[in-house]
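There is one chain below, alone, in C-alpha cells, taken in the form predicted alone.
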Amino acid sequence: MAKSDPIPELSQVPVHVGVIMDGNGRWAKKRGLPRKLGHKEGVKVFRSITRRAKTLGIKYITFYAFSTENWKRPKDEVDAIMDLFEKNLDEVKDFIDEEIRVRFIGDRSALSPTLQAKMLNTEKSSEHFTGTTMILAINYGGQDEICRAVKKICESGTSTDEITPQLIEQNLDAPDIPPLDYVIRPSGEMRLSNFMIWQAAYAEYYFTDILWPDFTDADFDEAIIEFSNRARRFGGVK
C-alpha cells in the first residue's frame, strides 16, 4: 500500500501504540554507511509513522528514541543522536501545525540544558491539542521510571501500607496517558528492552524483521490490521 491508500477497515484500533525504533545502525552498516546516518533515516520514518497514526485514529503513539542503556554506545554516535533530537525539535513546527501534541518521558536531568528547554517549549506549544499525542521516550528505561516513581512516593512520606499499583502509576512520567495496547518492534529482535514495562503489562506485541529505516506506512497498516484481528482478554475469558 502507498501513503495515499485509503484507511484500512479495522474492527478495533489501539488507543496507545508503542514503537521500539530498532535497526538504524544495522541498516547503515549494510550499506557501508556510518551508523549515525541510519539514525537520520530513522527520523524520517518516525515522522511518517506519526502522521499515519493520526490518520488511523490512534490517540497516543510512543517512540522509544533513546534508552538509559544507549549511553554505552560510541560517543560520536550518541552525540549524533542528541544533535538529531535538537535539530528535529527545531523543526517540530510541522507537527504543531497539524495539531499533533508532543510529549516526552524519561529522565531529563542527563540531557543538555538546551535540549531540555526545547523539550519543555515544544510540550507547552502543543499542550492544548486533543487529537493524537506523540510521545518520545528519551533517556528512558522502564526500570528507571519505576525506581523514580517509588522514590517520589517514599520522599512524600507515604507509608508502605498505602503503596498500591494505582499510586505507583500516579507517579510515573506521564500518569495521564493510558497503558500500552500494542508494542511494535521492527528489526528482528523479539524482546521489550526495558520499554514501558509497567504500561505494557497487558499489551499485544508485533515483531517484524524489517529494519526501522525501511519501515513504511504500509508496514504500519499491516501491524494495526493484525492488532484489529486479535482477541484481548486481560486475564479473563471471552
Ligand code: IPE
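Values in this document were obtained by computation on a predicted structure and should not be read as measured data. Note that residue numbering begins at 1 and tracks the sequence as displayed.
This next part talks about the form predicted together with this ligand, which is not shown.
Candidate stretches 50 to 58, 172 to 180, 34 to 42, 201 to 209 - the one whose heavy atoms come within 4.5 Å of this ligand in the predicted complex = Result for this chain: 34 to 42.
Kindly indicate whether Phe104, Thr133 and Ile135 are, all three, within 4.5 angstroms of this ligand in the predicted complex, using heavy atoms.
-> Result no, not one residue of the spot touches this ligand.
This ligand isn't shown here, but in the predicted complex which of Asp144, Asp83, Glu98, Glu77 has a heavy atom within 4.5 Å of it?
-> Of the candidates Asp144, Asp83, Glu98, Glu77, Glu77 is the one lying within 4.5 Å of this ligand in the predicted complex.
With heavy atoms only and a cut-off of 4.5 Å, decide whether Ile224 touches this ligand in the predicted complex.
-> Flag for Ile224 set to no.
Any non-hydrogen atom of Met196 within 4.5 angstroms of this ligand in the predicted complex = The answer is no: Met196 has no heavy atom within 4.5 Å of this ligand.
Even though this ligand is not shown here, does Phe46 get within 4.5 Å of it in the predicted complex, heavy atoms only?
-> Heavy-atom contact with this ligand at 4.5 Å: absent for Phe46.
Please run the contact check for Arg73 against this ligand in the predicted complex: heavy atoms, 4.5 angstroms, yes or no?
-> Close contact exists here: in the predicted complex, Arg73 approaches this ligand to within 4.5 Å, heavy atoms only.
Go through 22 to 50 residue by residue and record those having a heavy atom within 4.5 Å of this ligand in the predicted complex; state none if no residue qualifies.
-> The stretch 22 to 50, when checked against this ligand in the predicted complex, contributes Asp22, Gly23, Asn24, Gly25, Arg26, Arg35, His39 at the 4.5 Å heavy-atom cut-off.
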